[in-house]
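Quick setup: one chain, the form predicted alone, written in structure tokens, and binding and motion questions come after.
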């Protein structure tokens, strides 16, 4: 069967003869053009880290951020279209607020994933809308359930992970992740790993400048989701820069 749309890619509500919805495939392509995003789950925390490509030196440092706070203990990072990410983050916050108002407690992460993934999936069913060009990674930590990590695909399907990645260097990041057992690492070790992975998968030839950003929640943050905490972010950046120097010196030696 042909992999080209040829008339079957005009609507998200139409299947091609070989059983594909091309609009979802195109949304996945938008995700692949984005800077890399990773999520890693340690012994007592979860980290979301982002390779934010700097397309203009005129932007303020926090412009076009791709990490969001959804609830006090829940964070979200997106790969793909930033405007879509802002919209879905707002939907996630509304769902969390509705749950808190109704049940007077923080929404469980799996319940939030159910709600948000159902919303994302609804945008793949109708011809009047287009799928979100997003891959969404959600992270949380609490005393009862410990660290949790989920990823929602553009199709609306979601899975729980020990570690996951999205974006242009997804495959390289997954290769790096498979070398480590994150569930045994404490907060400091996990922060360093996040920095090393993002810096190693960054392609300096295609995208020279980037900004490392991260969000963390765990026992060390007292269950409060924090974006770019100064000490830990600097630790991750130094670990990433050192890892790059080691790789460069190893290449020169060979």
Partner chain sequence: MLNNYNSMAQPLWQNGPTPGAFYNFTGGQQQTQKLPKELTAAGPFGTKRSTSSITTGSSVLGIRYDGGVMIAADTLVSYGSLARYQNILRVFPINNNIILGGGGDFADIQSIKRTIDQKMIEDQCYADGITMKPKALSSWLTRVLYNRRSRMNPLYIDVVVGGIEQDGTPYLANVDLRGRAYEDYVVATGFARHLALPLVRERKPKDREFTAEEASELIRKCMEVLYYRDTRNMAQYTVGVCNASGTTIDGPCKVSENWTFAATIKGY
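Numbering follows the first chain given and starts at 1. Just so we're clear, the structure is a prediction, and the values are computed from it rather than from any experiment.
There is another form of this protein, the form predicted in complex with its partner chain, and it is not shown here; the text below is about that form.
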property: One residue of 178, 184, 145, 90 in contact with its partner chain, assessed in the model of the complex (non-hydrogen atom, 4.5 angstroms); result: 90
property: The single option of 171, 94, 127, 157 touching its partner chain in the model of the complex, heavy atom within 4.5 Å; result: 94
property: Which of 107-115, 159-167, 136-144, 69-77 lines the interface with its partner chain in the model of the complex (heavy atom within 4.5 Å); result: 69-77
property: Partner proximity in the model of the complex: residue 199 to its partner chain, non-hydrogen atom cutoff 4.5 Å; result: no
property: 4.5 Å heavy atom contact, residue 227 and its partner chain in the model of the complex; result: yes
